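Shown next as structure tokens: one chain only, the form predicted alone.
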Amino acid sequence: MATASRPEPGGTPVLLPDGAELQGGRLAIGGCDVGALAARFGTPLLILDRATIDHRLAEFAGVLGGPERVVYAGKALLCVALCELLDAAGASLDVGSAGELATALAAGFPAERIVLHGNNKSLAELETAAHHGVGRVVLDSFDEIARVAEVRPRCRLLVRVTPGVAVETHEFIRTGQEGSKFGFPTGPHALEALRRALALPGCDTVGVHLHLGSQIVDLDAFARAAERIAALLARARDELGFVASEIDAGGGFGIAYTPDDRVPPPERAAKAVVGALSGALRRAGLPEARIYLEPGRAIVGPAGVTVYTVGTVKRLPGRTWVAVDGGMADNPRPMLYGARYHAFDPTRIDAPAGSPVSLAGRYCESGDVLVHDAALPEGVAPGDLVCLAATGAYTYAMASNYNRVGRPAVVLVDGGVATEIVARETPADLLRLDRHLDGRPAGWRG
């Protein structure tokens, strides 16, 4: 049986979005048949379920005591329509570049609910943030503190600290361990950063920021980090007279990508972090602080599925290659991190599975393999559809134009209505910035 996911008690599929329904062996999301969406918008296609996004935002907000304490991590996926959705929910938003900030501002997202991140923010980015009244800036280095002193924004400041806790995730996406490129180690470096931040004119230093990494399923790591943060803040109170009123504990909560993955639900993960920090502060004799979280993947990851069309099937001794019309350019995670996904045909979910096949991308790299052992229906053929679940985060956001291929379209589905929120890139889009040797624009007429 080639199922889209493992059924949970009550029949809820754990990999599919909240708005998913299985109707006669076909997958519908948000009231829209996935096969019909592929025919209408083309493939590759990223489909986002609004119900999942709304539900996850509400779960985090319920634990934290308000939607504004949910600081959506824009790096997971960001576009104007998504910013509008976040604004409607009352959430906050973290951005890490001028482009992400411009996207938020173009959506009319309130600047006071924006948090500016990054380990190497430029003077121009800080000036833009100051001009638009960005609410919080996270300080990541002594050089950056000097740049903030030059810009003199009127905002709240958080000092990013690395608590020295290594989590069990891929080394490329760990951020809270000793020697990380992010933030200040707890101890003299972090205390000195707080001292300098407190001296910045026009700013209000309100607390600290930490982030342990991404795709974290070990909640005990947050408890270990909380103890180190509380110890740092106790020293800051005693040596600097500083009492933190805010702690941004970052995000990084893991999600399920395959039926075998076991991850804590978002509400449980959020409660674990809040409980660990509150308890550590209390034991250190410190007052309660407002706690913020920065979920990105945990909100938008499960909301997304990507649909591809099979182009070729190559049956070789010992291995069958099924090549689709996307791959590493629209989803680099398998090639970068060895990420695993579950593949299925959204129009034949109940069809018997054939022998495992290798689901390959179309790009000119041997490593461009989306799923190494995919259980697709018997007799998979050109023209069939293949779907990967849990692709809402770090796919389109990390997409490239390798081989000069345009990035896919993104559609939001809700209540039987599909809205294209990012258009598919065309050859004209790819050539828009190119110039001939004489400087003339390199137009394309098709």
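These numbers were taken from a predicted model, which means no experiment stands behind them. When you see a residue number, it is the position in the sequence shown, counting from 1.
Same protein, other form: the form predicted together with a small molecule, not shown, and the subject of what follows.
Only one of 141-149, 357-365, 245-253, 283-291 places residue heavy atoms within 4.5 angstroms of the small molecule in the model of the complex, namely 245-253. Think of it this way: in the model of the complex, the small molecule has a heavy atom of just one of 73, 322, 134, 270 within 4.5 Å, and the residue is 73. In terms of contact with the small molecule in the model of the complex, the residue from 103, 347, 205, 215 that brings a heavy atom within 4.5 Å is 215. Looking at residue 297, you'd find a heavy atom of it within 4.5 angstroms of the small molecule in the model of the complex. In the model of the complex, the small molecule stays beyond 4.5 Å of every heavy atom belonging to residue 41.
The small molecule is not shown here, but in the model of the complex it comes within 4.5 Å of a heavy atom of residue 94.
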